[in-house]
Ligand SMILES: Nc1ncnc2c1ncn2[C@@H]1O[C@H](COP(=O)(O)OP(=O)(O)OP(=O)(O)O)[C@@H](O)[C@H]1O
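As a starting point, one isolated chain is supplied in structure tokens, in the form predicted on its own.
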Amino acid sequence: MSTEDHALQDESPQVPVQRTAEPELPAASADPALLEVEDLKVHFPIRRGVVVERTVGHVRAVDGVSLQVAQGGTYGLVGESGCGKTTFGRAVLRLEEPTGGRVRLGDDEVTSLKGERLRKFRSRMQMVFQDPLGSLNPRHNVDMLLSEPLKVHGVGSKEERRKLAVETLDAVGLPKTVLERFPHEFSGGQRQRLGIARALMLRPDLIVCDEPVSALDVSIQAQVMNLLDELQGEFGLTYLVIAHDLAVVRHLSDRVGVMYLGKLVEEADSESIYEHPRHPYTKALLSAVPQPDPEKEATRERIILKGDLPSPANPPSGCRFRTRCPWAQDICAEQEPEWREAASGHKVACHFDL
């Protein structure tokens, strides 16, 4: 660690102002929500024993997250690795079974669906995975990869499925000549375009994008992000974008939620959260983003977080971020901060106004 970093870490932060009662703020105007998640929990049991297994605890990967995604909008979910973002996205699609809470897509409650009803409903929600190569069957050519979702849901004849595959390939910028090729014959950016094309084949209402560009070269990332933007306008898609790269989230998202250790700690529209962050964790994440302007970069305040991410199996009492927070005080260990509206449409879970 550099001398400068030591100085920054040792410097005592300014004492925060504990919030006082505020007048009730008017609700922010918003488009109708397509996706509504209420108090979603995903707890994985910790089992021990050789002959007889017993549950000795739980990993609280997602621990009571509520959010809404507007019809035709993009919600960006950001946080460190291990904070529960991917588990949340998979639970929304029922790829992981929720322990508690509710998920609604339009007028349908996803968490109550079972068996054949759930299988049919999956055509309305799809996922773009982080690893474009690992998510594509290496034994299937592109024609088989794109036709498979349609066959599973009994959509169209073989000729109709191939025609739709060609149309979808054209939408993601790939020629129909690739239909007979296999995943290993493509570059990383082309594979991710195939992953997006596969998610599009059923023309879903919602697409969950799990780190859609993190495995790609920087030169390709902008192309894929622009593609997602164009497809949203063309097909009227709604996105839930999961990422740890704040620049990606800012480019794609209308609204942003910051997640820490299984919980949301801040949520606002994209501009507000980047210009006026209100939670210490959000401030720390944004302070690590390099500035393209050399003068701004030289004067950029850096917040150095102490320690590692605590275990989700044994989260800290009170505020979960307090063990790494530069502004933590006694109340942070004693009480969990309430999820409150600090400004119109800007929510935060912190005892103080920073």
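Note that residue numbering begins at 1 and tracks the sequence as displayed. Bear in mind the structure is a predicted one, so any value in this text is a computation, not a measurement.
Beyond what is shown, the protein has a form predicted in complex with the ligand; the following relates to that form.
**Q** Looking at the ligand in the model of the complex, is some heavy atom of each of D143, R198 and F235 within 4.5 Å of it?
**A** Contact check failed for every one of D143, R198 and F235.
**Q** Using a 4.5 Å heavy atom cut-off, which of 248 to 256, 155 to 163, 117 to 125, 81 to 89 contacts the ligand in the model of the complex?
**A** Correct option: 81 to 89.
**Q** Would E211 count as touching the ligand in the model of the complex under a 4.5 Å heavy atom rule?
**A** Looking in the model of the complex, residue contacts with the ligand include E211, since a heavy atom lies within 4.5 Å.
**Q** So in the model of the complex, is the ligand close enough to P312 to count as touching (4.5 Å, heavy atoms)?
**A** Yes, P312 sits close enough to the ligand in the model of the complex that at least one of its heavy atoms falls within 4.5 Å.
**Q** Even though the partner isn't displayed, in the model of the complex is V37 close enough to the ligand, meaning a heavy atom within 4.5 Å?
**A** Taking the distances in the model of the complex, the answer for V37 is no, it never comes within 4.5 Å of the ligand.
**Q** Although the partner isn't part of this model, could you tell me whether A61 comes within 4.5 Å of the ligand in the model of the complex, counting any heavy atom of the residue?
**A** Close contact exists here: in the model of the complex, A61 approaches the ligand to within 4.5 Å, heavy atoms only.
**Q** Counting only non-hydrogen atoms and a 4.5 Å cut-off, give the residues of 37 to 51 close to the ligand in the model of the complex.
**A** Contacts from 37 to 51: just F44.
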